[in-house]
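A lone chain, given as C-alpha cells: the form predicted alone.
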C-alpha cells in the first residue's frame, strides 16, 4: 500500500500529452472523505481546454475508425495489461477518493480489467456485420454498425473508475474517440486512467481527459464537436444534460441516472437469504449506489421476524477507514451527510416511525463523513410523500408492510424511478408476474438489487434512464446501424426497364 502522499496534478490529457493550464479559470481540491487531513490533489481547470480536447478527438476519429477492428482490439488488450499491472494502485486511489473499503475498491479495479475481455469477446457480437440475402429480389443487403464519432463521458463519484470505463471501452472498441470528464469529487482516478492510456500508447487524440467543475461538464456537453454523451449520475444532472442539448437533437444521449429501488419479501421467502441480501442491498457502499435497496416491502405474515433480524444485523455493521476491513466507509462529502440527516427529519415529519436513527459518527483517529445506518417504518403508503419518493443516496431504507401483491407492485412503481426491483419468494409465478408488471429495467429473483453483470444489459426506466441500457448493450448505443444494398451484377437493360422508361444503354 502506498504512503498516502499527495498526488501531483499533471493537467488535462489532450492529444496524447498532459497540459497544465498556463492561465487557470479556477482550482479545486480533492480531499479524502475518509480523512479530511488527507489532501489528495490540488487541481486547476481551464474552460477552453474542453474545446481543445474535442477538436483533438475529432481529428483522431476517422483514423481510429478506419483501423481494422482487430487492430483497435490490440490497443485495448494492451490497456488491459496496463490495468492489471496497476490494479493495486487503481484500487488504492479509488478507496482513498471515495472512502469505500479497500476490499470493495479492489472489486471495482478488477471489474475495469474484466470489462475489456467481456466487451471484445462477448458484447461485440451484438454489432457484428449481417448479410441479408435477397433483401430485394436478386440483391443482397448488409447491416453494419458505424461508430458515432466523439463521445463525451461524464463520470460519477461512487464508481469513478468502473462506470466511466464501462462507457469508454465499448466506445473505443467500436471506433469512437473519447473526451472523459471525471467527477470533481474523484479526479485522481481519472488522471490515473489517462496515464494508463498513455502507457498503452494509444494514438494521439483517441482518449482525452479534462478536469473541472460542473461548468466544465456543461461546456463539454454543449460542444459542437461532440456526437454522443455517455453519463452516469443523478436524475437532476441528467435532466440538465437533456435541457442543454435540446438544440443538438443529433447527439446521442445515454443517461444512466438514479434509483429508488424496492425489494419485495413475500411470506414464503427464504428469510435468512432475504435478510442477508437486503442488508447488502441497503448498506453496501454506504448506500451510495444507484442500484441500492431504498425500500423493502414485507408480507405482513413475516414482517416482524424480518425486521427484528434486519435491525440486529444493521446495528452490527462495521464502519471505518478504507484501510480497515470495515463493511461501510463514509459518505462522499458534507453535503451528502446533511442530505442524509435532513431526510430522516423529513421522514419523521411525514409520519414514518424511526426504527433506527442514522447519525454522524466519529471514527477513531479519523475526521471524515461517516454516518450510521438508518431504518424507517412507513405505516402509510403515500405516493406524494417527499421522503417516500426521493433518492437519498445514503444508508437509509424504508420498510413497508402489505399482504396484497397488487399493492406491493403499486408501491414499487410509485416513485418515478425505475431501475431495479427484487423479489424474494419460492413462487416463480410471482417473480414472473413482477417481471411483467414492474416498471423497471432489471428484475431480480431471490437476489439483492445491488450488483450487476457486465454480460447483461443495465439500465432503467423513467427517472432512472432514457432507454439506453449500458453494460453488455453499450456497444449498441456507441454505434448507429447502417443499411446497404449491394448489387455486383452488370447492367441488364432487359431486366431493368420500368414502365414508361425507355432507356437505351450506352454504346
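Positions refer to the first chain, counted from 1. Quantities reported herein were computed from a predicted structural model and do not represent experimental measurements.
The protein also exists as the form predicted in complex with a small molecule; that form is not presented, and the subsequent description refers to it.
TODO: Sort through 24-32, 447-455, 54-62, 477-485 and report the only stretch with a non-hydrogen atom within 4.5 Å of the small molecule in the predicted complex.
DONE: Correct option: 447-455.
- [ ] Could you work out which of 299, 289, 251, 86 is the residue within 4.5 angstroms of the small molecule in the predicted complex, going by heavy atoms?
- [x] Checked against the cut-off, the match is 289.
Task: Interface residue in the predicted complex among 158, 388, 174, 263, criterion: non-hydrogen atom within 4.5 angstroms of the small molecule - done: Looking at 158, 388, 174, 263 one by one, just 158 meets the 4.5 Å heavy-atom criterion.
Open item on the list: So, residue 94 and the small molecule: in the predicted complex, are they within 4.5 Å at any heavy atom pair?
Closed with: Contact with the small molecule, no.
Open item on the list: Can you work out whether residue 375 and the small molecule are in contact in the predicted complex, taking contact to mean some heavy atom pair no more than 4.5 Å apart?
Closed with: No, residue 375 sits far enough from the small molecule in the predicted complex that none of its heavy atoms falls within 4.5 Å.
Task: residue 163 within 4.5 Å of the small molecule in the predicted complex, heavy atoms - done: Yes, contact at 4.5 Å.
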